[in-house]
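Same chain, two forms, each on its own as structure tokens: structure 1, then structure 2.
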Structure 1
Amino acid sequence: MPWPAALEWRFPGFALAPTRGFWWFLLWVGLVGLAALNTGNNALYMLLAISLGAFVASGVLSRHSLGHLRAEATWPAEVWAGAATRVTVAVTNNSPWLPAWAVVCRLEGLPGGTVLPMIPPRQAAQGVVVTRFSRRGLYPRPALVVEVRAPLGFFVKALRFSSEGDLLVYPQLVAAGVPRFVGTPQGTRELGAGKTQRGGEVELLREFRPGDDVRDVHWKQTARQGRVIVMERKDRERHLRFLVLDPHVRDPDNPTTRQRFDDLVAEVASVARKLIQQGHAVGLVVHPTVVPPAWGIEHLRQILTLLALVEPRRGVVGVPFSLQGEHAVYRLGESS
């Protein structure tokens, strides 16, 4: 932010809130002022003057401190609803002489925060804000709020650093059991040359190719040979499995229904993750969208993205198409 912004009385993103200490200070100043005026006692005037001087000094220095702070938040690659999300915040103090003391970093609208005890002048400090999204979905990236109270804590002065873009929060992971799949099992072999899937026996070792799962990296050989070596696993017949999520409910506006639907989605997401981690090919059907069965982390993300964004809707469920392969259907009991 260029220097003229520091001269503005209010600059973008600035917020001010009095603390309890401010109200007590106001009472103190009122009483001392009244006593001084009533008695003409110069010692009380001195006390009043120094109190007000401290108030002004605290305001000026905290304003200076806040005006020279810049902050940036780094989000993790995956954010899960209900799980602790660790966000790294980096705060830079551009003041040439004044350290920033007791800087609080929060995420707007989210719980949690962290205190950076001291940021020396012209230096930066990092901290981790552990927060939690209560619900899945697509959110505008929360702004980072930096608060300063020092030196005397009369006001909470905050500066808001907004971030562009959205943040996708995956459904909550729960302890879900693998369902009983119904339908005729359908198998498949390796999908395309060069793609190996986890789960089979190790057949050979070869050099890493783009697209390989990093979990198949053979670290010992890699260290020995000085290049990335992966394990190619034996093909095996894999079954195509579908998880079918029925989004139709009787009353989608009912909060209880929405909560139950979210729980259902969490279960589906957890099952999908578990199956894919076990090496199964899993597809997802959320009417009318169909994600064909596949493997791998990218496929899992695709499924999770769909589940993160699905919303309940009013209606009656129907079988969307003839599923080839085993499937397990998840629906709320009230839908009809």
Structure 2
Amino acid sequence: MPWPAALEWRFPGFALAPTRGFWWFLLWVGLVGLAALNTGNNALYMLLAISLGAFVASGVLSRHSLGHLRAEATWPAEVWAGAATRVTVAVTNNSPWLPAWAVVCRLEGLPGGTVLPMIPPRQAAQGVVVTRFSRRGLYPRPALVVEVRAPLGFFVKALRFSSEGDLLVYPQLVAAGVPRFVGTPQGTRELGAGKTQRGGEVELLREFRPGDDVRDVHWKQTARQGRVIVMERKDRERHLRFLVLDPHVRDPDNPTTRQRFDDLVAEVASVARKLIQQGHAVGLVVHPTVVPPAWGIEHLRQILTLLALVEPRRGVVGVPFSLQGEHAVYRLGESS
């Protein structure tokens, strides 16, 4: 067991690690102490006493600062693999009389961090940690680690604030092309819960309600009446469209195959996001799960959630069953 871990009982809840400055300090103290003993110079004794006193004072002050800090992290609504994720951290200094200096915040196991230069006593400060996830999936929510080195930086003292729950990371977004739908189009009237479809004829003008698309705002009537007026459109006939992801591969344990499958998932997710944002109703099939065609942000999140969690499975490559209507099939080649 490393000696910092062996001393953990002296710092309950704290992590303690020496810095390079600590080892230089030990060398300095040894040389000054040896010189003072050999020469009997009072000035050297005073210098040695000041150095040791500064060491003790630094440890006491940094421990006091860290012991009065409380921190929490706020994650964005959507986290995408491979993309920069901005996490807001808020740190509160509950010390009644001392500020906290040079507080470093980072997320456990992830790159990135931020420094809060000074947190006044009984006040809070905010910062942003920019980090990223390398792969999609469901992760335990990373703990927030707060570090203090000031005032002299002989040790890095850290406090870990755990977070409840899991964090869903969506697939990486890529520049996906337009899918080539095949099959016989099957028309269907798509009815959304309280939502209308863009592109149909305007049926009436009414006051804005939560959930309405801001692109349907009638700006001239809004300016005239002094309230937000939207255009309600008639529902229109559209085709059933499915994105079909075949999760079967020959060797799911092969790292190259898994990377290729992740690339395929990223393409499907990007196509689904692009089509739904354009107002299309799109479904998803990942055997054996079928998500019926729909639109809207909640439907998109349902599709992205399924794609974030799908894993390649060993089996015969091919579409597991037929669909009525248009569909675009995504699967790895026979060489996978």
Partner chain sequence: MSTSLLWQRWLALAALAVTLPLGFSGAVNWLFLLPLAGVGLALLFSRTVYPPLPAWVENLLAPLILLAALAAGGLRFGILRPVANLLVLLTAVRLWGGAPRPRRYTVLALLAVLNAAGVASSTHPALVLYLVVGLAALTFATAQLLPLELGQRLGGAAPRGQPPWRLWLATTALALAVGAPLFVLFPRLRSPFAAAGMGARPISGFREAVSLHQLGEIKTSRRPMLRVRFPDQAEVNPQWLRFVGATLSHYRAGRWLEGRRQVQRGDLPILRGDQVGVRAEFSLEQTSDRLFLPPGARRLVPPEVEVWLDGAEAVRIPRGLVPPIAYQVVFDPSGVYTRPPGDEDLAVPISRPALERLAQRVTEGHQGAWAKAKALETYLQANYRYSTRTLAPLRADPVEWFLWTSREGHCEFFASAMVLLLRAQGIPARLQTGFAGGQDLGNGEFLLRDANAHAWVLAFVNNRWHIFDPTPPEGQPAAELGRSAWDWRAIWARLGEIWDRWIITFSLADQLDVLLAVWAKVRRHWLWIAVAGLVALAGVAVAVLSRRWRPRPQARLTLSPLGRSLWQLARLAGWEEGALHHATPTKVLETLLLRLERSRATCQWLFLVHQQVTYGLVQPPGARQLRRALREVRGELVAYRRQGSTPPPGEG
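It should be emphasised that the depicted structure is a prediction, and the values quoted were computed from it without experimental measurement. Here, rigid core means the biggest group of C-alpha atoms that superpose within 1.5 Å across both forms. Residues are numbered by position in structure 1's sequence, first residue being 1.
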Practice problem: With both forms of the chain shown on their own, indicate which is the form predicted on its own. | Solution: 2
Quiz item: By the 2 angstroms cut-off, has the C-alpha of Gly226 moved between structures 1 and 2 once the rigid core is superposed?
Solution: yes
